[in-house]
Each structure stands twice: as structure tokens, then as C-alpha cells.
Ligand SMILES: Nc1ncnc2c1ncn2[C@@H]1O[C@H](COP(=O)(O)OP(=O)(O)O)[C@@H](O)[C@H]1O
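Okay, so here's just one chain, in C-alpha cells, the form predicted on its own.
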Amino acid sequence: MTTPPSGSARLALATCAELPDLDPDDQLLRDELVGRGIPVDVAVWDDPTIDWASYQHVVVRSTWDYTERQAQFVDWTRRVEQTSELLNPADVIAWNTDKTYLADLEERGLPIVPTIWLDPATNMTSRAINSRLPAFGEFVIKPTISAGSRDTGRYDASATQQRMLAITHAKNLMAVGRHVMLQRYLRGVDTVGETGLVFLDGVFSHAVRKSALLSGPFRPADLDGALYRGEVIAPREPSAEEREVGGRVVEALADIFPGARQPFLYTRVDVIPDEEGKPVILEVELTEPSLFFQHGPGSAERAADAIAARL
């Protein structure tokens, strides 16, 4: 049973209304904190009854419903930061909740999945969108503000019907003011999978293998009200190249946010193999990522130690 926030704790773990007692993985973190004698409240980020000023520190965890209200969520982080230390910081969250951050990483020489950006302000015609689609192979259409593969589809460039579906998908997103990203679908994700590298306090902690999620064009009913698509997770020993890319991301973040307290409490770097088998960045998660404590022995303890050191 969920215990309402007491208001007496020094630390709040922020979640969403659908997960009022946290995701099971983050329950491990809560238990580790409590075991260290740290009073912890679990609080829903958009609950108007919560007095966030009563907490010295707020750690963003399973706030996985924010993508439909990104501006509201970012505003909440800034209000919280006026009275508490927010982990990770509000400026970092504002940057990270829109996947155009990938362009910042690319500018710093980091390898990302090849991406074309579509701006709704350009009022692109179907023909203009079609001209930006690849001539062959598979590709992905998704909004720049999304999580859990929401509003995302995979298309075959050589199939006329699928090209039409992709154009409609992109137009529908832009029609409601959403920026769109068009990415090559790198087939290595179907065999090798996606590697999620978790860094705690800027130090590599553990990694997982995530199975491929996208099987075809976007369908509105795909998630059927769920917060995210289910995925198969397993521990993974990352390659030296994957570790190196993840470390470069952590270093780049210090350059992008020179005024922020470094290192950040948590960073997850998701990479997949390109056509030559070299790791490229799919996403960098600094807002509310799953940290897969269940698949990293000792990782919940390390995260709790990192939090305790900040209190």
C-alpha cells in the first residue's frame, strides 16, 4: 500500500500518478536509502497537494507521463529548484527532454544515429517530406519529445504504402506543432540489441541489453494506454568501444553545462551498432531513466551512496 508523503522527509523521489509507489526497480533504491536511515517520501510530480519546498532534495525517478506535458514538467522542475536541490538539475532536464540535444552532441564530435530534423514551422508538403525519406532501407519517424517509443514507427523505404504511412505520420505530428526526427533504422539493433550504459556520479556502473522494440509502422493503439512499450532486458558486458563512447558523453555534458554541479547523479547512454558495427548514440537519458538496478549487482547501493553524499 502506498504511504502518502509525510512532509517530514529530507528527500523526495518523484514519480507519476500511474506509479504512486515507484517502478519496482526504483523501489530497490528507496529501500537502500531507508536502510541508510534516510527518510524518503515518494511523491507524484504533478500532485498539487505536495509542498516541494519541504524537501531539501528531490530526485526525479519514474515521472514517465511527462512527454504529453513537457512544458508543464519543465516548469515544475524549475519551481522545485527554487527551494530544493533537484537531481538532475532543471536546466539539464529541459535540455534532455527534447531529443534535439543529439545535435549538440554531434556538434561535439560524438557519433549519433544519422538524423534529419523536421520543423513544423516550415509547413512541409507531403512531397517535401517524401524527398527527405531515404531511397532504400528502413527508417524511423518519431517526435523529438517522446519516451518509451511512444508515437514512433518503423518504415520500409522501398514499400510505397509504407512511405505514404510515414509521410502521414510525420504530417500528423507536425500538424499539432511537434518537431519530428527521421532516423535510419540500423539493423544491428535486431541482432545485437541496444546497450544501455549506466553512469552513477559520472562513473560507469553497469550495462544492460535491451531488445528491439519497433516492428512496423506507427499505430495509435500500439501502447493501449501504457506508459511505454515492454522490452526484454538482460545484463550485458559492454565493449571497450561502447564504454569509450559513454565516457565521452559524460565528458561532453560537463562542457555543455559548465555551471552545473558535476558529475550528474545519473546518466544513461543508449548505443546501437551502425552498419560497420561501431557504437552510435541513440539516446542520452538524464531526466527519468530506468537505471536497471535489478540487472546491476550493487548498483542500487551505489546510487544510494551517491545520493547520501549529496544530502
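Quick note: we count residues from 1 along the sequence shown, nothing fancier. Not measured: the values here are computed from a predicted model.
The discussion below concerns the form predicted in complex with this ligand, not included here.
Checklist entry - Tell me which of 161-169, 75-83, 120-128, 137-145 has residues with heavy atoms within 4.5 angstroms of this ligand in the predicted complex? => result Going by heavy atoms within 4.5 Å, the stretch is 137-145.
Next on the checklist: I need to confirm a contact call. Of Ala94, Leu105, Met174, Leu186, which residue comes within 4.5 Å of this ligand in the predicted complex, counting heavy atoms only?
Outcome noted: Here the answer is residue option Leu186.
Checklist entry - Just one of Arg132, Arg209, His179, Arg150 has a heavy atom within 4.5 angstroms of this ligand in the predicted complex, so which one? => result Flagged contact: Arg150.
Next on the checklist: Checking a candidate spot here: are Leu33, Ala300 and Ala304 all in contact with this ligand in the predicted complex (at least one heavy atom each within 4.5 Å)?
Outcome noted: Not one of the three qualifies.
Next on the checklist: in the predicted complex, does Asp274 come within 4.5 Å of this ligand, counting heavy atoms only?
Outcome noted: Asp274 lies outside the contact set for this ligand.
Checklist entry - Applying a 4.5 Å heavy atom distance criterion, does Ala43 contact this ligand in the predicted complex? => result No, Ala43 sits far enough from this ligand in the predicted complex that none of its heavy atoms falls within 4.5 Å.
Next on the checklist: Just checking whether Val59 would be counted as a contact of this ligand in the predicted complex - the rule being heavy atoms within 4.5 angstroms.
Outcome noted: Outside the cut-off, so no.
Next on the checklist: Considering non-hydrogen atoms and a 4.5 Å limit, does this ligand approach Val113 in the predicted complex?
Outcome noted: Val113: contacts this ligand in the predicted complex.
Item to check | Neighbours of this ligand in the predicted complex among 280-305 [non-hydrogen atom within 4.5 angstroms] | outcome: In sequence order, Leu282, Glu283 come within 4.5 Å of the partner.
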